[in-house]
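The chain below stands alone and is given as structure tokens, in the form predicted on its own.
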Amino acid sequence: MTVKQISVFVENRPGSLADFTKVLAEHNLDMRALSLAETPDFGILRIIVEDSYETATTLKDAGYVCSITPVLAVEIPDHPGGLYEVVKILGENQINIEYTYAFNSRKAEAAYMVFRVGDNEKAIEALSKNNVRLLSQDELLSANA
């Protein structure tokens, strides 16, 4: 069970994030999660949205270079050690975490994180066997997530 993440290359300059979010606002595209990593010349903006195809098409029409990547959206118990419980499972199963970022939840007892791992299927199997809840694209976007 994966969700679709859009990775967008943005120029590392003042106002580039404003320009990007303006495109989303003008097209009524709402983000559910966002991560930004930078180098001296450019950034990689990663977002989760309701309709990844529509958003990617809109961004490409606006001149952005982007791609869609399957990632895991994982419910993390919201208590000290909750993240450790999940990453320990991945490590014990020899699953490399390439990157991760958190996003907002509407549930007080849970936190949510996106994981890009080396092997989605292996990670899904390991996490599911250990009763870690993975969110589907629909769940991620619903009011209950």
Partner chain sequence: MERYFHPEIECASREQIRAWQDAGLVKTVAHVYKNVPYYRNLMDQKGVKPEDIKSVDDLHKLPFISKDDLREAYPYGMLALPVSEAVRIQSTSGTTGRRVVAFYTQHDLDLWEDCCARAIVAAGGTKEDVVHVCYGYGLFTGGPGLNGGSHKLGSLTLPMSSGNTDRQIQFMCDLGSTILCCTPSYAAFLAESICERGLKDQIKLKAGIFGAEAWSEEMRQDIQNKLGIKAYDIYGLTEIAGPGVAFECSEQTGMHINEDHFIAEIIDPKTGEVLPEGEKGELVFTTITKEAFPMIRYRTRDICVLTREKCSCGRTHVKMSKPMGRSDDMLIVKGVNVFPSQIETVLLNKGYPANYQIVVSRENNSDILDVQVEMTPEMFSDAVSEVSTRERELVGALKSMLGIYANVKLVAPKTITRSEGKAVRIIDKRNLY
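All figures in this text were calculated on a predicted structure; none of them were measured in a lab. Positions refer to the first chain, counted from 1.
As for the form predicted in complex with the partner chain, it is not shown, yet the points below apply to it.
Can we say Tyr53, Thr55 and Gln137 each have a non-hydrogen atom within 4.5 Å of the partner chain in the model of the complex?
Not a single listed residue reaches the partner chain in the model of the complex, so no.
Just checking whether Thr2 would be counted as a contact of the partner chain in the model of the complex - the rule being heavy atoms within 4.5 angstroms.
No, Thr2 is distant from the partner.
Verify the contact flag for Arg32: yes if a non-hydrogen atom of it lies within 4.5 Å of a non-hydrogen atom of the partner chain in the model of the complex, no if not.
No, Arg32 stays farther than 4.5 Å from the partner chain in the model of the complex.
Would you classify Tyr84 as touching the partner chain in the model of the complex, given a 4.5 Å non-hydrogen atom cut-off?
Contact with the partner chain, no.
Taking 4.5 angstroms as the cut-off for heavy atoms, does Cys66 touch the partner chain in the model of the complex?
Yes, Cys66 sits close enough to the partner chain in the model of the complex that at least one of its heavy atoms falls within 4.5 Å.
Which among 36 to 44, 86 to 94, 72 to 80, 23 to 31 is in contact with the partner chain in the model of the complex, heavy atoms within 4.5 angstroms?
Only one stretch passes the 4.5 Å heavy-atom test: 36 to 44.
Could you list which residues of 2 to 17 come within 4.5 Å of the partner chain in the model of the complex, counting heavy atoms only?
Contacting residues: Gln5, Ser7, Val8, Phe9, Glu11.
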